[in-house]
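First comes one chain, alone, set out as structure tokens in the form predicted alone.
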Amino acid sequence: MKLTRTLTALAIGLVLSGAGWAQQTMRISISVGQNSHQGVGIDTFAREVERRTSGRIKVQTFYSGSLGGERESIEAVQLGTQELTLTSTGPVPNFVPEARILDIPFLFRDKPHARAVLDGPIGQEMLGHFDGKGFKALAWAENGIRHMTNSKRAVNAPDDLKGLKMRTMENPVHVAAYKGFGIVTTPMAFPEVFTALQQGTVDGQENPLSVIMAAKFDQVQKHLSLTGHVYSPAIFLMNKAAFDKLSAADKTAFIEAAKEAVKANRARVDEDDSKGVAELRSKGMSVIENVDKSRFVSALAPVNAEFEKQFGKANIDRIRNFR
């Protein structure tokens, strides 16, 4: 009898622990494939969370927009129907308007400058703006520096962009800037882009090399110009209520896991940037590397004047001049 009771207690314990595990499974999603800078990011994050919580919390990873595009995933995290997402800042201003300033073209000198801003006091201040909107922003990650591709013609100068139908992110700052180039802007969720390019619904798009390669845009785009017009941050977002329910130790575990994930994500962006041009050329793309960026900056002078009114020149200069 004693043995039976012991075995029964053990079985009940196992069932209860199994139920506990089920309650501690969370989901995180990205809109691009697993073999990408964002895929490396969420894979690292999931592994680190499990390790740092001794397996009590598991994070399931979803790729290629299988839970919806970026905007849908952000909405789901805000509502609490999904716990986590890693997203570019494309649709973020629709939820946290203060983040719009980061998407101004030619705001950052280069990746080291952008990373220093986001990891420093300006970026940390910005993370705080998410708290009141239903999110816990865990860390700034990276999408990379954006470049232009299209199927119509080589883009050497701003005038070459006039009249091109380009997919843009669902981001008001990007839309305003690209209209300043004379682009016919077509805001569209990322999972729809490949088909739109394939069918000729749009002529082109703009994204970092990491995304262009991960999405296989070389199959539907002929011309790539390294315009480097926007640094595109990404961000680890968590539902605020789900974060608040965690113990203090687990909150730290999630934040530290996100920091490790950012390191892996940025390293992959650097790797993709170093090999991307050669790889895309080998797949048949025509690449213009030496673009005169000053001409693109000059073309945006009227739009930048509007941005200064909108965001305040001092706020923009604080980022531009950060050392």
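A residue's number is simply how far along the shown sequence it sits, counting from 1. What you see is a predicted model, and the numbers here were worked out from it, not measured in a lab.
Below, we refer to the form predicted together with a small molecule, which is not included among the displayed structures.
Trainee: Which single stretch, out of 166-174, 238-246, 131-139, 106-114, brings residue heavy atoms within 4.5 Å of the small molecule in the predicted bound form?
Mentor: Contact-bearing stretch, as computed: 166-174.
Trainee: Though the small molecule is not shown, can you say which of 264, 32, 280, 46 has a heavy atom within 4.5 Å of it in the predicted bound form?
Mentor: By the 4.5 Å heavy-atom cutoff, the listed residue in contact is 32.
Trainee: Just to confirm, with a 4.5 Å cut-off on non-hydrogen atoms, which of 211, 148, 230, 77 contacts the small molecule in the predicted bound form?
Mentor: Partner contact (heavy atom, 4.5 Å) among the options: 211.
Trainee: For residue 143, is any heavy atom within 4.5 Å of the small molecule in the predicted bound form, or not?
Mentor: The answer is yes: residue 143 has a heavy atom within 4.5 Å of the small molecule.
Trainee: Against the small molecule in the predicted bound form, would residue 88 count as a contact residue? Criterion: heavy atoms within 4.5 Å.
Mentor: It does: once the small molecule is placed as it appears in the predicted bound form, residue 88 has a heavy atom within 4.5 Å of it.
Trainee: Spell out, yes or no, whether the shortest heavy atom distance between residue 190 and the small molecule in the predicted bound form is within 4.5 Å.
Mentor: The answer is yes: residue 190 has a heavy atom within 4.5 Å of the small molecule.
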